[in-house]
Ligand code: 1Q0
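Next up: just one chain, as structure tokens, the form predicted on its own.
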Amino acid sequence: MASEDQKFCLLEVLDTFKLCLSENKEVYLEHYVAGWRGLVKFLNSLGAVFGFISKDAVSKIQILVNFLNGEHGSQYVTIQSMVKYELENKLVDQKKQGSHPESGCRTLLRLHRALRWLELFLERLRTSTEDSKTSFMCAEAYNESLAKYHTWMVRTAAGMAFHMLPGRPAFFEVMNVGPPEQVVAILGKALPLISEVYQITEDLYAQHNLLDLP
């Protein structure tokens, strides 16, 4: 059994993503990272199936936390300030893997892509019926988002992993917020927030040609 600290709770993720946006719609990196910590708990609570994504997310979260706590931490308060600082100081490898393979911009891009997959999957869960196949929903969401960035081997492993997913009731139980209708209601509040954070990041990265960082 997961300890209380490790237990996923959908309400926590909702609260964290609420804090993500400043008044002028900048994304606070600290809250973005905290939101991802919650999503990692969600992935881990479903067993080893999502290990290949959650392990990667954990290492990316740590890199961003190091930037936040580092000597230039004040430049990493928002995703917008991070992009500006790293581009102005040529800290991003834009053409090929160079001397900054762990730049904040590249690291966040990997989480950003995975966030889209989770958003699509959770939206399908929210609108599904009790007997909907979670493996099918998850694979669809994956193929629409992360799959294009993964090698054939990773895609094959992911496809096999999705077949082992529990049914919809197990997912709803993991959310830790009560009966199914309550889960659906809270997902209905959380997903627009996640979607907005995703879209603001997507637009920012598109504006600076950062969506295909090596």
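Only a predicted model underlies this, so the values are computations on that prediction, with no experimental measurement involved. Numbers follow the displayed sequence, beginning with 1.
There is also a form predicted together with this ligand; it is not shown, and the following applies to it.
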- prompt: Is there a non-hydrogen atom of Arg110 within 4.5 angstroms of a non-hydrogen atom of this ligand in the predicted bound form?
  reply: yes
query: Hey, in the predicted bound form, is Arg116 touching this ligand, heavy atoms inside 4.5 Å?
result: no
- prompt: Hey, in the predicted bound form, does Tyr85 get a heavy atom within 4.5 angstroms of this ligand?
  reply: no
field: this ligand contact at Phe171 in the predicted bound form, heavy atom, 4.5 Å
entry: yes
Met160, Val154, Val184, Ala48 - the one with a heavy atom within 4.5 Å of this ligand in the predicted bound form: Val154
field: in the predicted bound form, the one of Leu68, Val33, Leu43, Val177 near this ligand [non-hydrogen atom within 4.5 angstroms]
entry: Leu43
- request: May I ask whether Phe121, His150 and Leu165 all come within 4.5 angstroms of this ligand in the predicted bound form, judged by heavy atoms?
  value: yes
This ligand in the predicted bound form - contacting residues of 181 to 203, heavy atom within 4.5 Å: none
